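This document opens with one chain alone, in structure tokens, the form predicted alone.
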Amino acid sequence: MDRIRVLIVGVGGFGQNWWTLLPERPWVEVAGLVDPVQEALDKGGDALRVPASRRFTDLAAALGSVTADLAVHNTPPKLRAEHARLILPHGLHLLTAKPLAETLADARQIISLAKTHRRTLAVNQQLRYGPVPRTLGRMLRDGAVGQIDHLDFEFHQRRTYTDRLKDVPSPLLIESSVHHFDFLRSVAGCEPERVFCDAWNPAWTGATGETSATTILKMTGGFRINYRASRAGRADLDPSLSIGWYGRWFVEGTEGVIRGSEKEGYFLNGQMMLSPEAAVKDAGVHPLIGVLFDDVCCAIQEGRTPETSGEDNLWTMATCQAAYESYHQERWVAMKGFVG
């Protein structure tokens, strides 16, 4: 890998993942850090051994003072469009945390900016790189179940509600489903055509928005994905109810059946194809961010579009928005209206 100079925008919170990931890569030079919180800036700078002269509380000042190839962006979604308007015209490629932006309009603007300035734009949707979606996607592409009739996915967890999530419109569809819809699209190998969703909030949660939902995605591949998810499950009463982020799968086709979860492993026509141990090996957030980062850097140097490009993430964002609109309108919603 050729040397790449990285500007980290947002050093605290999720940005702390880069404190150890980047030093593990000798071909990466941390050109500078940006964070409005001085304490985070100091801790991150010390961890990454970035001199004080290259630690900034203002993004524009950083862009005017350091030379970098790639901005790694970890700030809240409401800042993403504003920051992209500074980063991309300045000539940096951009890897941003999910989702790409707070709104679809902002996402389209960022994508357009990247195209105008011929910069690579990628989104940190790292979960699709895990063993479960990678294995299932490969099996389906190889025709393991023949023609797919339907894919059922269930997610059931007891998630806490921080101040950031307590009052958002839908903690599930906005915060959690963005991961699920992203790797479901990846595994399916096609896009949703229409969406129908019903969502609700169980009485025992502390959130005001919906934390549970049932969603049907009618895919362009001719089959349906049945998505049942809750981040308000009563795992506090029965811990065995909790399912990992990759959930429980059931795929039925003309030639086979795939079923399983991280706890029990994954089976094709009754024969194990992915053990519980293999399903969770290197599947945490930290290692998967590293895999995604390496892939994005390779894409930049090879001049190709990264797997989690801005255009690709627009589909994930649009699926979340379509599900949310479907629930409120109580009808099927066409994806065409969200992605053009």
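Numbers for residues come from their place in the sequence shown, where the first is 1. Note that this is a predicted model, so its numbers are computed, not measured.
Just so you know, the form predicted in complex with a small molecule exists too; it's not on screen, but the next bit is about it.
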Can you work out which of S261, S186, N124, T120 has a heavy atom no more than 4.5 Å from the small molecule in the model of the complex? N124
Pick from H90, R234, H179, R224: which residue has any heavy atom within 4.5 angstroms of the small molecule in the model of the complex? H179
Given that the small molecule is not shown alongside this chain, does V34 nevertheless sit within 4.5 Å of it in the model of the complex, heavy atom to heavy atom? yes
When the contact criterion is heavy atoms within 4.5 Å, does F14 count as touching the small molecule in the model of the complex? yes
Even though the small molecule is not shown here, does P169 get within 4.5 Å of it in the model of the complex, heavy atoms only? no
Give a yes/no on whether M139 approaches the small molecule to within 4.5 Å in the model of the complex, heavy atoms considered. no
Per-stretch contact check against the small molecule in the model of the complex, the hit in 77-85, 106-114, 200-208, 215-223 (non-hydrogen atom, 4.5 angstroms): 77-85
